[in-house]
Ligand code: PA5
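Take a look at this one chain, the form predicted on its own, written out in structure tokens.
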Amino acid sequence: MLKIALDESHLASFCDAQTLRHMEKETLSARETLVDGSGEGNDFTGWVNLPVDYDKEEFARIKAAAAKIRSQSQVLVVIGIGGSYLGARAAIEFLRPGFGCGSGSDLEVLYAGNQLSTAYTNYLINHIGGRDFSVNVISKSGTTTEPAIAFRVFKDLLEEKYGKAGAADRIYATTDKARGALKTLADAEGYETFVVPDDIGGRYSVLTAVGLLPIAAAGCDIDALMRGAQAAREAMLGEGFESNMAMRYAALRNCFYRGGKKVEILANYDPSLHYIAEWWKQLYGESEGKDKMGIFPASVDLTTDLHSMGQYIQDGERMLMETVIDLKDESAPIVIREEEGDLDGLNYLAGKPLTFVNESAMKGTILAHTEGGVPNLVITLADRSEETLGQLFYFFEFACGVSGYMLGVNPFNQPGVESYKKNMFMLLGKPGYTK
């Protein structure tokens, strides 16, 4: 049973039933192309069957390594960029929200190698301080500039603190199964290794060791995460167009795109969803933004951004579509109390829970944006659990593959990403790179 749902009730006349019916055949064809592996990029579709066809031996090693990390460290530094860390961070901050300890458990998960800031790196080192820590470095090649530099820094810190052998016992490398700079180093130094599969690109890799090791180390239930993905896979592969939320999401966003809606905003009303949006932006941006086409993925954190971006969404250029993630809040209620004098004018809310106020803000905003010319879809999450998150991850991945094929692009390559690297390497003086 799915614990996520797609609400299309706010679409008004943006994409009527007749238009959507005309897109049904096209959407079904795109799903067939994805599932049977007949489209461009088909050598990177291993994620489609991953929830039922994953390496069970490695999965057990992931859980054992996570237990070891938690037993010997107070901090885990996850080194990676893009798909090598966004999925894990999205999951951890959704499932273990809180202050101070980023994972909400006795192990703090921190991130490096996702930028080149000297200040950030120094702050991170100082924050770790004298605490025991381990490192999970994630890179298929081992030569990507940002994580490779960060790994040099933190490997040196580990070796200074624990010695070479002690450091090797605290380094976990998620990389290519057979070759590459990181695999070569890991084999030489004796790091425990996990595999970045050849047939799964980075932005689709959250349910591989890339995401699972940090998620498990943070104390999350990766068995339940995979069960959720399995349930979503069964639904996405088995249900017809009328009830298949992934196909309908893909069809609707392409319908809006053809009608001039070039930007999709993913909105949330809970701060723990911020990195879900960051993960989603990479997934859809890298998958669809090519050949001078594609829906631009953006995000807002509401109600916060209603006081900044809200004006543009309401009254700016009508190139926007909006998808809202509605997390049903099961937190301990905070009830608004009555105050004598009512100076802030809020006594009319006395006795109401904060959840009610947040839900009302969401419903009112959806209505306002829809009336302002922005079509709104709502993805409802029944609860904050690993099973629900596994379903959400798989839903977005499957819909992305279908949507990309409907758009007419290869959803699994990213040729444009290499352009900035060539210029950067030239400016850095890397051998072989000249004007």
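Since we're looking at a predicted model, the values are computed, not measured. We number the residues from 1 along the sequence you see.
FYI, the form predicted in complex with the ligand isn't displayed, but the following is about it.
- Of the heavy atoms in residue 203, some are within 4.5 Å of the ligand in the predicted complex.
- Taking the partner from elsewhere, residue 83 is found to have a heavy atom lying within 4.5 Å of the ligand in the predicted complex.
- When the ligand is considered in the predicted complex, residue 183 lies well away from it, no heavy atom lying within 4.5 Å.
- At least one heavy atom of residue 414 is located within 4.5 Å of the ligand in the predicted complex.
- Contact with the ligand in the predicted complex, judged by any heavy atom within 4.5 Å, is made by just one of 365, 193, 144, 268: 144.
- 140 is the sole member of 170, 140, 248, 96 with a non-hydrogen atom lying within 4.5 angstroms of the ligand in the predicted complex.
- Partner contact region in the predicted complex: 281-289, out of 253-261, 281-289, 341-349, 114-122, criterion any non-hydrogen atom within 4.5 Å of the ligand.
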